[in-house]
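Next up: just one chain, as structure tokens, the form predicted on its own.
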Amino acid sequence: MSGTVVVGSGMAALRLVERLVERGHRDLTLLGDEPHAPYNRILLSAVLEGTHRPEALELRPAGWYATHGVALRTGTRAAALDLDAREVELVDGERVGYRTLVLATGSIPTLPPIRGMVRMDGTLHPAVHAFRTLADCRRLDEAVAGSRRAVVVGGGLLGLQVARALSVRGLQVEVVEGGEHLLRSQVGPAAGRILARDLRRLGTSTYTGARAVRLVTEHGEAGADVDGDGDGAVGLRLDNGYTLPTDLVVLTAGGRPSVALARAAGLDVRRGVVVDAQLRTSDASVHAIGDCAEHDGRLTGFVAPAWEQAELLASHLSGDDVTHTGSRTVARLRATGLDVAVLGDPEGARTLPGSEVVEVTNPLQGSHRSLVVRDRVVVAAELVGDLSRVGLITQHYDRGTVLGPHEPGHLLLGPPRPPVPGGTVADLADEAEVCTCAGVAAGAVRRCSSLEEVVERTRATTGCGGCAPDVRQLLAARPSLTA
């Protein structure tokens, strides 16, 4: 019997294991159905773009797990949970016992209802690609070599990342989004229009308020030709009657929490696996974190809140008295030529009584900045095209700073933080947040002597990677600060 068994080997699962190791836990088992050790899924688009090698996604070297008492089992899929026996049954019939079980199964993609996308034998048409795993990324990377055009289905964060990666690779890219504007789950219409304009400037067309309904070839519906090899260009027909000719179709729209194991075992499941303030499920020996967990009726969907939950659960399993009161949401778009940061839920916050909105839009510059303020506190923000003040705004958002009457406007209209010689960010206060994914402040970076030490001690730069330039500049400025 293992002490703690974690089902899932994503970024939340590894963060939990790391923190348990730091607190002296051993006899840990990590069950992952992919054939790889845990890797940075956020940077898959960077691999597709060609700016990162697949090896750079590795979060821990292969020898780290055994050295720290972690049994990493890759290519291992859980088939069922036996809550009475406290065992996880694997697909090959093996049973793994546990004292504490953690579900970190993440989310699974949902296929949009596009006719012809799935062939009669149940496989995807060769022109259609999902984009969720490293294997998906490698298959798409191989397909790019012989392609000129691509259509990305989904105008969310992942869709825009993939669209930019393919465009950088030289493909003519079009984005289809069923909502009325891009990033509809994160930003409002004004920001969505700026994003569409920025993409158009970068050579990518967008179709919003339109849904893909059918994959077609010159012979008709693609899925009808079961015996064909599927090679060659296809067309993606939209519900407005227009057909987009393409070589590749990439699916990035839609996903849902992976809850099949929990539901079959009889755990309380709604949209996700329901957890309490200690991240316990309806069985006290079973916990859930990350995308599959539902707390207080809310799901996460981003790495930062998943890491927060992992940290809290590690503290709880180590005997600390901790309470999960909800997670902050900080989303960053990592895509060449596009800069987006979203704090909280701007669209939802706008509708709450007492909310006031301060916003500045400059279509010529391609920027949009908006704050939602309630009781003189920043409760949400959206920044597109100009992230020069994201650190300061995030700091006020995290602290719940009570602002003066004119401060919201100054935050948006004031000049960016003044650079110091060499263009570094050494003017940032120690408490100013640098890495939004891991919640790392500038002072924590300054206390490190190298990027490797920053990664090991704080995990900054291991999320979306957007903080890497600031981290490097802080490290470069360190000698002058300590002289």
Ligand SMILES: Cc1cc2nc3c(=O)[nH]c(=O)nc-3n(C[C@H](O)[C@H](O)[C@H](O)COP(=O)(O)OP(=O)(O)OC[C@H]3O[C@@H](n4cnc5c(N)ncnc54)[C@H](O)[C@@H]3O)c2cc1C
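Keep in mind that this is a model prediction, so the values were computed, not measured. The numbering used is simple: start at 1 and walk along the sequence shown.
Quick note: we don't show the form predicted together with the named molecule, though the next part is all about it.
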Partner contact check in the model of the complex: of 403 to 411, 127 to 135, 316 to 324, 110 to 118, the stretch with a heavy atom within 4.5 Å of the named molecule is 127 to 135
Can you work out which of 295, 181, 334, 396 has a heavy atom no more than 4.5 Å from the named molecule in the model of the complex? 334
Using heavy atoms only and a 4.5 Å cut-off, determine which of 191, 215, 303, 371 is in contact with the named molecule in the model of the complex. 303
With the partner absent here, would 12, 41 and 78 each sit within 4.5 Å of the named molecule in the model of the complex, counting heavy atoms only? yes
Does residue 5 reach the named molecule in the model of the complex if we count a contact as any heavy atom within 4.5 Å? no
Any chance residue 104 has a heavy atom within 4.5 Å of the named molecule in the model of the complex? yes
Indicate whether the named molecule has at least one heavy atom within 4.5 Å of a heavy atom of residue 58 in the model of the complex. no
May I ask you to check whether residue 47 falls inside a 4.5 Å heavy atom distance of the named molecule in the model of the complex? no
So which residues in 252 to 268, when you check the named molecule in the model of the complex, have a heavy atom no farther than 4.5 Å from it? 258, 261
